[in-house]
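This document opens with one chain alone, in structure tokens, the form predicted on its own.
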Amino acid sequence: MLTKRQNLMETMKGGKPDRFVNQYEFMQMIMSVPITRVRPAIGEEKVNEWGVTFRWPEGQLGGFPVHDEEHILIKDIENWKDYVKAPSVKRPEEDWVPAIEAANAVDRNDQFVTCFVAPGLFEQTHHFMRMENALTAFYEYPDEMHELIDYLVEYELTYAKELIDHIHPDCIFHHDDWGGQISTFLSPKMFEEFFLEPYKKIYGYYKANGVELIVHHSDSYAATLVPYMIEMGIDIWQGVMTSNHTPELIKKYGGKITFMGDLDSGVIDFPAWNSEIIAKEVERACKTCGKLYFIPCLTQGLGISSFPGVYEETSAAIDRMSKELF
């Protein structure tokens, strides 16, 4: 039986996996990194390390920035430098001990030591200034947006150096949502103009410093961006929703990138979920997407579910499909 790591590589390279890669099993997330995001709990409001106010209302699945006139961070994009100040990534060496110990405890022959990075470049822009302000700024203030993104890239590179120096990760799991359910937020050409080279710089730095695997999360429609993902150096696109027509993407791009998802969390992960719904969706995904260049997975951006039991039941259904199809 192949290890989780070996089975993933066989799947990605078009080899002979002996089962489906089961969701996030190949990644061991090191979540004790001392450079953490400040986030509110349910019912709380907090100002994060960048100065962005986040609020998590009761009854919602997560927190989001507060963008009224009192709380919005960038009030004038032409003077963004007056508002945006990158937080320091330097921490005392003793603060790194839990993360280093967690990384050292991982069997790297079986799993990838993985560092979690979020939010991404696009998400940061709209966290700072509101979604509609960010989207219009790409048209009206392109020079300022390029400058802001370049500033964020430099921050990400300083952050990456700390991760590499202390954890020596095999894998980076990087978030940046690039679309909604049926379309990207930016046209492909505009996406290329603003984000291709910045991400090539970030992901290239990781690859040049020993990181073997880049997993990028965007639980959205982003089929039109796949060529750019490949050029950026992304190995696995996690969060691929069914609206992307995943089997077609696999046929077109398999061997250049692997697709992780096709189990829409909105369809499976809800209060009234049941094992029959999950089994039906997992069977559909596994049979239509096939054994190579595909990882069946909830589109959720971590190895969890919003409602208790969904992630575990999905994993069990994937195991059953492995026994049936392999």
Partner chain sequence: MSKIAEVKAKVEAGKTKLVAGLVQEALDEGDKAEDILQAMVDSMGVVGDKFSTGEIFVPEMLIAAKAMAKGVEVLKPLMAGDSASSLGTCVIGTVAGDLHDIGKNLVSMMIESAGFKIVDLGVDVPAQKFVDAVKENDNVTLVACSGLLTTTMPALKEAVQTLKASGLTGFKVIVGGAPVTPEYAVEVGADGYAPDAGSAAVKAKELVTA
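Positions refer to the first chain, counted from 1. Everything numeric in this text was worked out from a predicted model, so none of it was measured.
From this point on, the text means the form predicted in complex with the partner chain, which you will not see here.
Segments offered: 175-183, 230-238, 192-200, 105-113. Contacting the partner chain in the predicted complex at heavy atom distances within 4.5 Å is 175-183. Interface membership of residue 247, defined by any non-hydrogen atom within 4.5 Å of the partner chain in the predicted complex, is ruled out. Mapping the unseen interface onto this chain, residue 119 falls outside it, with no heavy atom inside 4.5 Å of the partner chain in the predicted complex. In the predicted complex, the partner chain stays beyond 4.5 Å of every heavy atom belonging to residue 38. Although the partner is absent from this view, residue 60 contacts the partner chain in the predicted complex, with a non-hydrogen atom inside 4.5 angstroms. Judged against the partner chain in the predicted complex with a 4.5 angstroms heavy atom cut-off, the residues 130, 135 and 270 are in contact without exception. Contact annotation: of the candidates 158, 88, 187, 79, the single residue with a non-hydrogen atom within 4.5 angstroms of the partner chain in the predicted complex is 187.
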